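What follows is a single chain, given as structure tokens, in the form predicted alone.
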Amino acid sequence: MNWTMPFFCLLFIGRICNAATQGETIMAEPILSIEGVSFRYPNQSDYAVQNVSFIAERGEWLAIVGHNGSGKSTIARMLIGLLRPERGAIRLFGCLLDDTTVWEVRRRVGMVFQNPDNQFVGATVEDDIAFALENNGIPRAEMVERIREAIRQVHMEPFLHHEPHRLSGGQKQRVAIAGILALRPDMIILDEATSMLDPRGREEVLETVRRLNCQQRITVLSITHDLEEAAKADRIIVMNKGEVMAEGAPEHIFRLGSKLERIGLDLPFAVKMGSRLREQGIPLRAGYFTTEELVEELWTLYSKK
């Protein structure tokens, strides 16, 4: 996983992509709808998720953030049928998620977990990507084509015949994403998929996801406690004690400031530093989510003097 670019470039590309999409006359198309969903684990008196409702549109990057135990991962597991809501309904691709539709939904939704080693079954990267295709009855000629396309999309061509377990953390996650892409999903769910990576690996994975989201309009649902990662999304949902606490664009969510910190979320350094500098009278615009963005603005501001 050696394909990299600075975080501020990634965010800039994302905003261009979003602006271009908003400039089109295409109507928003909901791909996911959660309607008053509640869930309680066995032998638990409190609900892990309570009366949660939201939608995700086709091609949107939606981040669900919250501290441990806030309910965000429970929602992810309900979306692929691993858990069933006690109340409410989940609709994906216009269909109610139930026993009759769950397998079709799983064909169209790919999930990347926190530890990619738990997802590997093949002796090589190529074998691992082929595994799910074989299980889905994809003809060999088409399988070869899909593997090559998926590995190219995540820039892992030189590692096709390597053992997955010998790769770096970031490379492993990109292979996991390639395995999902080979199935050609409409949605990717990242369940704390970058939390075990070093900064470089984390950067590589998020760059890959943003590019796929922008170029192919793959809907991305990111489950995370990292607000700097969530800042790359189009929209953020904040969970607290199983309920939706806030929802909106990143710049709207970060205005909550201390409210986020009180529920165990750490604001990005650039957001906190930018706020402090504005309090000291430095004329910075709002909306810095990464250190690179803040440094670039300070450099531009003082180079004009």
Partner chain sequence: MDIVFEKVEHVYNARSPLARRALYDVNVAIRSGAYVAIVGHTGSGKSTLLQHLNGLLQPTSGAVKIGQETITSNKRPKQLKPLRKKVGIVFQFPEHQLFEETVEKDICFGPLNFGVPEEEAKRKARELIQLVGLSEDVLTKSPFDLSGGQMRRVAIAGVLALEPEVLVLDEPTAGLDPRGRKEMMEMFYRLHREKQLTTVLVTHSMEDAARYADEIIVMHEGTVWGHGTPEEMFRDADKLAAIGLSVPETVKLKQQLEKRLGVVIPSPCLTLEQTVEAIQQLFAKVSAHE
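Residue numbers count along the first chain shown, from 1. We call the rigid core whatever largest set of C-alpha positions still superposes within 1.5 Å between the two forms. Predicted model only: the values in this text are computed from it and were never measured.
The following text describes the form predicted in complex with its partner chain, which does not appear among the structures shown.
- Heavy atoms within 4.5 Å of its partner chain in the model of the complex are found in exactly one of 37-45, 246-254, 266-274, 52-60, that being 266-274.
- Although the partner is absent here, His225 lies within 4.5 Å of its partner chain in the model of the complex, judged by heavy atoms.
- Taking the partner from the other structure, its partner chain in the model of the complex has a heavy atom within 4.5 Å of a heavy atom of Ser195.
- Within 4.5 Å of some heavy atom of its partner chain in the model of the complex lies at least one heavy atom of Arg200.
- Within 4.5 angstroms of its partner chain in the model of the complex, the stretch 134-150 places no non-hydrogen atom at all.
- Relative to the superposed core, Lys259 undergoes a C-alpha shift smaller than 2 Å between the shown form and the other one.
- The distance between the CA atoms of Val295 and Asp198 is at least 3 Å longer in the model of the complex than in the form shown here.
- In the model of the complex, the Cα atoms of Gln280 and Arg262 sit 3 Å or more nearer to each other than they do here.
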